[in-house]
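Two forms, one protein chain; structure tokens for each follow separately as structure 1 and structure 2.
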Structure 1
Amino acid sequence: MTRNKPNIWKYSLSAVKGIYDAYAVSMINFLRKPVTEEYPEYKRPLPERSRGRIILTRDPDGDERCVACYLCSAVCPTSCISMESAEREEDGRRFAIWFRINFARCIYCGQCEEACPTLAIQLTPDYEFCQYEVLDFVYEKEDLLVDHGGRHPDYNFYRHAGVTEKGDKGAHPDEEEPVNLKSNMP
């Protein structure tokens, strides 16, 4: 009965070849001319769908798009979004009394933008904002609200969804009468 002995030379040559290849790559890159980009003067163009600072946009009419549905705060994996909702007396339209994002906790995943039914919350390619204090990363509604519609300037949720902006609830011309839930009981 003979045992197969491992071929030491075969393993030694492959180890030497691996070390040689690694040093060869290092030497090739060592001899190249470095590429330096002067950052504040030259800003590398970002991809179109890059995600940075979050903004709250407005309707074409100038009203806030946010209806405080809490979907963005519910979907946020880091729970960095909080708000409080209210309803206007004159037309019954919902809005956020206060809206707060903690950018120190935000991971810029874009799930809040995807969850927003009114396209109110949008991520911009603006990535250059830093602060010395952590509490300065907490942005309020006034800091986030912009005077334009963002990537969707002509979108109006209330016109698109078919909900009347003024008048009583359930008064839309094409809307059926509300169902009495107690009449459906067995």
Structure 2
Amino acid sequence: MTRNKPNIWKYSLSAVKGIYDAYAVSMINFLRKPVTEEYPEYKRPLPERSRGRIILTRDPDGDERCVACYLCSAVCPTSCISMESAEREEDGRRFAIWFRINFARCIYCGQCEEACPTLAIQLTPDYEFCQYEVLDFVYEKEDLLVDHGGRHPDYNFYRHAGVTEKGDKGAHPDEEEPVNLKSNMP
């Protein structure tokens, strides 16, 4: 059995060529313009759906959308959302008396937005909110609440829910008049 002996000259030539190519490529790149984007001076425009700081939006009537159903806090993989729900004294509407997101723990996975049945909680492209103090990352409801509807300006949970917050039962377009208990008319 004879081993295929590499041709020493071919071998050396390819080595030299390899080294030459490496130097050539790096020199070509040396002469190119750097591709670096210099961050604070230049801010790359982010897509609308990029996931950054979380907000609580309002419905088209200007009322807060969040009904504090605890779904976002349940789905949150880092348990950074906590809240407590209560009945609003004026109209009996369910709302969050406090709503807290610990951004120091948040991983911006967007599952809360996915879970939110009222489209209240939304992630925005804003990511620039560093703090020196870890407690400053704990955002309360007043820090989170904005005065617009975010990505879904038209949705109103209570128009589809089938429960009343204001007014009588059966007031929604998809509902019949309430059943009259004291009548036998069909």
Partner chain sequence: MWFLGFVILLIKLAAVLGALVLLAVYLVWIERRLLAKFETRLGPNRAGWHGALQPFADGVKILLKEDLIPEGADRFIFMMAPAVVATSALLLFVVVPFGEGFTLWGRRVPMLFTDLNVGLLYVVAISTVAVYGVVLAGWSSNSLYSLLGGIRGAAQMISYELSLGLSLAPVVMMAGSFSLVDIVDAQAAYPFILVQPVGFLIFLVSTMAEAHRLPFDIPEAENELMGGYHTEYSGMRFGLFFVGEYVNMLVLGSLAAVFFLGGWRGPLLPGVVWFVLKVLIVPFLLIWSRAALPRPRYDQLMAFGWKCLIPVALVNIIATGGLMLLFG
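Keep in mind it's a predicted model, so treat the numbers as computed, not measured. C-alpha atoms forming the largest set that superposes within 1.5 Å between two forms make up the rigid core. Sequence positions of structure 1, starting at 1, serve as the residue numbers.
Engineer: For this pair of chain forms, which number matches the form predicted in complex with its partner chain?
Structural biologist: Of the two, structure 2 is the form predicted in complex with its partner chain.
Engineer: Note yes or no: does the Cα of R88 move by 2 Å or more between the two structures after the core is superposed?
Structural biologist: Yes; that C-alpha moves by at least 2 Å between the two structures.
Engineer: Core aligned, does the CA of T124 move at least 2 Å between the two structures?
Structural biologist: No: T124 shifts by under 2 Å between the two structures.
Engineer: To one decimal place, what C-alpha displacement in Å is found for S26 between the two structures with the rigid core superposed?
Structural biologist: S26 is displaced by 5.7 Å at its C-alpha.
Engineer: Supposing the core is put in the same place in both forms, how far has the CA of V16 shifted between the two structures, in Å?
Structural biologist: For V16, the alpha-carbon shift amounts to 10.6 Å.
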